[in-house]
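The chain that follows stands alone, in the form predicted alone, written as structure tokens.
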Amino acid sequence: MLSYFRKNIPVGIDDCVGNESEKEVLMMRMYEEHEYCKKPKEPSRLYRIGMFAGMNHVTVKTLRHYDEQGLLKPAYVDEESGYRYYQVSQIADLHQILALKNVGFNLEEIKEIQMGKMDRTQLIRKKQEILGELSRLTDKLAQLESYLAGESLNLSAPVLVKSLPEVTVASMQTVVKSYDALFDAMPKMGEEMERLGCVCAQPEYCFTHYLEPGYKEEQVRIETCEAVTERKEDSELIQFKVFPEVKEAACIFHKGSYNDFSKSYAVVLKYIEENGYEICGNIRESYIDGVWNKESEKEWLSEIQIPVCKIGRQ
């Protein structure tokens, strides 16, 4: 081997080394380095689970869970102690799991990705889910901005967009002389419901909608509805129907006299306009507390419910 190095001295070595003795030392050093490279490499260092968790800013519980789910198996498990050990090369696998989890994939989906079962269609679907969540967060931000931009923070009656569940109701259509006479018709409806054996649903849900567009000072055509547990045979005064679920409704609570409804309507309609919604159904006025159980008008509580949908997404 040494003769090999003597015959294959790198070009220019004579210019770097002064005498034969120094040349010999240099060749010996090159020989030793060459032999070191030929030695088998030591196995990768193993790190106990606690240290590996700390290195990657995750909990030991998380690593154990990933092991149980088949996402990240330890490089070695001591049969006697049960201790889990990991290699540095596994950091990349762990970081991939954490990155996928961070963008919204659950552990089952990540496992599918590891096994090559996740195709482009599924990835596009996940992208749409993230965009949907982004849209919802944008709506929340817009609502907060509208509060901040207002002259006063009227957080006592914020607008809330929510769904209205399907409901079976006893319905009575009538014409009232004015809005003030709205509740004059209610006792008559209650008597007829009792005669028909109706049982009111719990929680109680009574609401009215206006059957004609626009505002009228008198001769207002309305439909009053009371949620019931089941449909009965229709009568001349009352019909039974099912209102389907409303996916989205802009809702606001109104405290006080019905004469001040216009103020609450102004708030909710402004919200609808500023947040890219449009009205897509009959407006409901739901009566929670009123003259039947509260002595003071100041304690009356109602909720205005306006079915809405995003503009261009009906």
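Basically, rigid core = biggest C-alpha set you can superpose within 1.5 Å across the two forms. Just so we're clear, the structure is a prediction, and the values are computed from it rather than from any experiment. The first residue of the shown sequence is 1; numbering continues from there.
There is also a form predicted together with the DNA; it is not shown, and the following applies to it.
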> So in the model of the complex, does any heavy atom of residue 51 sit within 4.5 Å of the DNA?
Replying inline: yes
>> Whether residue 66 contacts the DNA in the model of the complex should be assessed with a 4.5 Å heavy atom distance threshold; does it?
In response: yes
>> When the contact criterion is heavy atoms within 4.5 Å, does residue 101 count as touching the DNA in the model of the complex?
In response: yes
> Can you check whether residue 203 is within 4.5 Å of the DNA in the model of the complex, heavy atom basis?
Replying inline: no
>> Based on heavy atom distances of 4.5 Å or less, which listed stretch (131-139, 183-191, 76-84, 159-167) is in contact with the DNA in the model of the complex?
In response: 76-84
> Pick from 282, 286, 56, 62: which has a non-hydrogen atom within 4.5 Å of the DNA in the model of the complex?
Replying inline: 62
>> Just to be sure I understand the contacts: of 220, 107, 72, 113, which is the one whose heavy atoms reach within 4.5 angstroms of the DNA in the model of the complex?
In response: 107
> After superposition on the rigid core, does the Cα atom of residue 111 shift by at least 2 Å between this form and the one not shown?
Replying inline: yes
> Is the C-alpha displacement of residue 82 equal to or greater than 2 Å between this form and the one not shown once the rigid core has been superposed?
Replying inline: yes
